[in-house]
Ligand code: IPE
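As structure tokens, one chain now follows by itself in the form predicted alone.
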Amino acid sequence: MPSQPVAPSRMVHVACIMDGNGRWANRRNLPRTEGHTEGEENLARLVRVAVKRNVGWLTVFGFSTENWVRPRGEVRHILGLHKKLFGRVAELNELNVRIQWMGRPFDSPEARTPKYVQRAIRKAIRDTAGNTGMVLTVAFDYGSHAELVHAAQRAAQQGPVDEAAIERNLYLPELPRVDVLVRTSGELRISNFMLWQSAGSEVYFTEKPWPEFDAAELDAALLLVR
């Protein structure tokens, strides 16, 4: 681990697959929901660290299109945590962080984001729109396969489907390519997350579960793009 904070020479895009909340809780004989709560708190801590580094974009995998099959009580708890996350407007404004969301469009027949979470998302985006610092993107009800199908369908309505057309029709085409993709909790895979945007990116795997991913771990990931 680096002994000093790492500040890459350019603004970078860090994307995180926040895995291991449940295992973190199980090791402490706690309910899985406690792991998700600690994971949300750790995201808030990491945002504060990232704004001190030269991180221009932080994108996190909050809830995937596959996660809806989890136990109902666990899903309800995670939904409440995301409502809380998008409600941290005062803190985000203090840090000059602009928040945004990507996932299945709310008007899509397949979308499953509840209305109360939709309202929290829209409000957070509106209330932080004037901030000029780091961009925090939360992927919620998100899957890369769903995103690419959506992009291909939209592109086909506009003309020839090529790489540029797909790129223009991603959920957030303004997001730059991922510089380093982080996967926590010892899983050596990238899941269904930003497959298009992370092509060619560095990948940082760590044994630590997401609630323990700290400043030293972020610095180790940033070393890959110095």
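When you see a residue number, it is the position in the sequence shown, counting from 1. For clarity, every value in this text was computed on a predicted model and none was experimentally measured.
The same protein also exists as the form predicted in complex with the ligand; that form is not shown, yet it is the one meant from here on.
Each of 17, 21 and 32 is positioned with at least one heavy atom within 4.5 Å of the ligand in the model of the complex. Judged by heavy atoms within 4.5 Å of the ligand in the model of the complex, the contact stretch among the candidates 194 to 202, 22 to 30, 41 to 49, 166 to 174 is 22 to 30.
Note on the partner interface in the model of the complex: the residue among 95, 146, 99, 78 having a heavy atom within 4.5 angstroms of the ligand is 78. Proximity of residue 67 to the ligand in the model of the complex: non-hydrogen atoms within 4.5 Å are present. Put simply, residue 127 is far from the ligand in the model of the complex: not one heavy atom of it is within 4.5 Å. Proximity of residue 63 to the ligand in the model of the complex falls within the 4.5 Å heavy atom cutoff. Contact check for residue 53: every heavy atom lies farther than 4.5 Å from the ligand in the model of the complex. Along 168 to 205, these residues reach a heavy atom to within 4.5 Å of the ligand in the model of the complex: 183, 189, 191.
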